[in-house]
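Given next, in structure tokens, is a single chain: the form predicted on its own.
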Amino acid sequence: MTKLGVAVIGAGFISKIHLEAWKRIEEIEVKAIVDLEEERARNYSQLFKIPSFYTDYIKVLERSDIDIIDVCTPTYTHAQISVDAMSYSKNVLLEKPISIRLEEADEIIKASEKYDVKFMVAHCLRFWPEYKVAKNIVERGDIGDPRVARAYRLSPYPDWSWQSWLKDFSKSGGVFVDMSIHDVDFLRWTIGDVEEVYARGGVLKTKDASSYDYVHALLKFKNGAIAYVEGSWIQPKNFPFTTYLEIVGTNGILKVDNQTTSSVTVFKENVAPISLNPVGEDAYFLEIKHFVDSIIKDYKPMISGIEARKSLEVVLAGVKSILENKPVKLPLTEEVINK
């Protein structure tokens, strides 16, 4: 069997994680790495034994032996690179979020349909073992109908971002768009569509930033459920990356906590708590393997552009709510972050 050729665009934090996963997949061969800074591209080429490196991504799009483009670049570059790649008939795996503007998300979706390529946005929580178990518990009805949820994601400021792009509101949208979208996407996938968002937050600590470093939001779902989602980049530098998920149903509660040995715990009336510690593959490997299989076996990848756009719309509604100091109903009728 001829292996699929892969090129990774971006030689930064997330691409390193992706490359470690790509190297474990037998059906592919990573043939090129691209970065605007030649030294970064060269270093990754040597580190991961990738035959070619470039500073111009068009060079890899022109290669007939490249079948998959993995876009691991800053969010504000996603639309241009993805649409260009699709115009060369390349299958595209795109790091989340799909974009920071709905118009650009629509452009990507239309291009994937026009050029008939496989396209997936890498919302990794859908492949995370603990979260998959939580999703299954809800789907089976073990805790009844979900009515209330809490999710938070807390970390020190991500100083690793290239040229500090995460600090620029027009490029990243801030913590709720860049990081809390993980939790928003999972809650949408598990509980249902969101109809209203009411958020508070701002630049609370990072004085040289325009993008929000702290946000908390209340989500109202179409089925009547409500959720509290918190995203923070204001923790001290020695604070461990911390995530928490809690879903309260009509017959019980589940919680997922990355700071305890038991990753998933279920509480029900008159039953001893059930503690689960799912053992499974790395989520990044699972999402990338799923995308490769979608090409080989010709099925639709799990996270479509439309799904990713819906999650983007919710987090943008959170930003809009802060800007306007009021609840925001979906769907949005205008862009929240302008160029």
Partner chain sequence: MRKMRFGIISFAHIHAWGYANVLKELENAELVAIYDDDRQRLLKAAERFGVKNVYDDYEKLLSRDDIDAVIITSENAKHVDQAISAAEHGKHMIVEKPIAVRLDDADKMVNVAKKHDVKFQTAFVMRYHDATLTVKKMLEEGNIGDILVITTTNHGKYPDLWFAEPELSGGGSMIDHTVHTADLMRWYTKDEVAEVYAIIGEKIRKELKAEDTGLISLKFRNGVVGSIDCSWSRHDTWPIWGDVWLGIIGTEGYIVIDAFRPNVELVVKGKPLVWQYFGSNADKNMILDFIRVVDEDLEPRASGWDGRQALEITLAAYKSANSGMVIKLPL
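What you see is a predicted model, and the numbers here were worked out from it, not measured in a lab. Positions refer to the first chain, counted from 1.
Separately, the form predicted in complex with its partner chain exists; it is not shown, and the next lines address it.
- Exactly one listed residue, out of 216, 188, 132, 268, brings a non-hydrogen atom to within 4.5 Å of its partner chain in the predicted complex: 216.
- Interface residue among 223, 89, 170, 136, judged by heavy atoms within 4.5 Å of its partner chain in the predicted complex: 223.
- With its partner chain omitted here, the record of contacts in the predicted complex names 241-249 of 241-249, 101-109, 174-182, 76-84, defined by a heavy atom within 4.5 Å.
- When its partner chain is considered in the predicted complex, residue 205 lines it closely, a heavy atom lying within 4.5 Å.
- For the chain shown alone, residue 24 is not a contact residue for its partner chain in the predicted complex, no non-hydrogen atom being within 4.5 angstroms.
- In the predicted complex, none of the heavy atoms of residue 211 sits within 4.5 Å of a heavy atom of its partner chain.
- Contact annotation: residue 117 falls outside 4.5 Å of its partner chain in the predicted complex, judged by heavy atom distances.
- Although its partner chain is not shown here, in the predicted complex the stretch 120-159 places heavy atoms of 147, 148, 150, 152, 154 within 4.5 Å of it, in sequence order.
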